[in-house]
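Next comes just one chain, in structure tokens: the form predicted alone.
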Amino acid sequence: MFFRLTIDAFALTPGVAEVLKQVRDDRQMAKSRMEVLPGGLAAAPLHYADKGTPQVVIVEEEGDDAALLAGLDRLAEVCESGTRVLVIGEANDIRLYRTLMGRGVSEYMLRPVGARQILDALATLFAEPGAAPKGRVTACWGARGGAGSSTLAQNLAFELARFLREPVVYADLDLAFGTSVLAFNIDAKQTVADALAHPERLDEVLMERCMVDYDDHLKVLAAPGDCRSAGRIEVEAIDRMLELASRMAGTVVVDLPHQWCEWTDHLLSVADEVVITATPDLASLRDCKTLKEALLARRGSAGPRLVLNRMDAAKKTQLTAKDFEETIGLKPMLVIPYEPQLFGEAANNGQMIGEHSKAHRVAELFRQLAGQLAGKAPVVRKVETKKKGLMDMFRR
């Protein structure tokens, strides 16, 4: 299955338009966003005159070779770096094919073309080395307000960046009350609110401006943390932000506010992983059950993951991990003990747990969580011991 490709297809003839709609509706494109537009190649440059290009642009042209090449030159002027172009035409000419490949066209397909042919071309295109990065998106959600989901998301992003040694983006989408600026102790001149305010202008350049480099691998897209700047978020803006973040990093961690609305529902549905943070109490158990049922209806078998936080804060009245597993069928992938001093000191210092107390058991738990979500075994650091020799005996 394709990973959330964004595709604009410009059809010129009714037959190709119908085939492109079949591609759009195919189950392999369930996580992708594909729009079928009229006008063919001539309409594409005009469409992108004031907006960014998606990962893939498919264009149809039925004119002669000169018209095709001239149209592609105009399209190249507005295409962003990394955008792949697929051309559908009627000229069966090897010289034209070589010319198109030399100009950076990713694929040329002859009419009549079928849906399977286009799907196979897309699969081949993004299986190539150097294809546009398709980062995995992990959405972090608190079963109830104050469950610790933001703290978990921040530490998860930090540990994933260290674990993978590759770019990771942390996006704080709690515009009104997000804590990322304080938690990472950063100065964000532009925030995620600026990125989402005008999705039609959002591109990699603006994303880079809004991000803060926390270290060599972790980029933070911080929230303003000001209720006065929290406006309405559009689903299209979220999709555009995720598309760009997925191009820029192999892993994207999204910290969601505890509010149920159209865009949070959408993001929870399309994310590769959903991690629910809950506390061991009856209200969290109920909300986990409700959310699990809602997500299974949208995501099929790709259910959420569960993390229990603040275990043993109230030993006599708390529920156990087994209670959650038996009642709602979710076995916690991680149980974080109640350590108020550790988390409080780290928060006051503007540090992650792995920075404040690298050897602490909670830091190791976060490393294990990063390893599980990365799909790799946690790194085990071996401690070398020297063999004792005769000189050691004499020294004793």
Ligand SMILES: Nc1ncnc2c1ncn2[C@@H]1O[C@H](COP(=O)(O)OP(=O)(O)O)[C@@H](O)[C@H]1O
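For clarity, every value in this text was computed on a predicted model and none was experimentally measured. Residue numbers here begin at 1 and follow the sequence given.
The form predicted in complex with the named molecule is left out here; the points below concern that form.
In summary, among the residues R310, K292, H217, R305, the only one with a non-hydrogen atom within 4.5 Å of the named molecule in the predicted complex is R310.
A single residue from the set T151, S246, S284, T264 has any heavy atom within 4.5 angstroms of the named molecule in the predicted complex; that residue is T151.
With a 4.5 Å cutoff on heavy atoms, R144 counts as touching the named molecule in the predicted complex. Contact between P38 and the named molecule in the predicted complex is not found at the 4.5 Å heavy atom cutoff. The named molecule is not shown here, and in the predicted complex it never comes within 4.5 Å of any heavy atom of G329.
The named molecule in the predicted complex comes within 4.5 Å of no heavy atom belonging to Y48.
Proximity to the named molecule in the predicted complex, taken as heavy atoms within 4.5 Å, picks out 331-339 from the listed stretches 331-339, 22-30, 65-73, 50-58.
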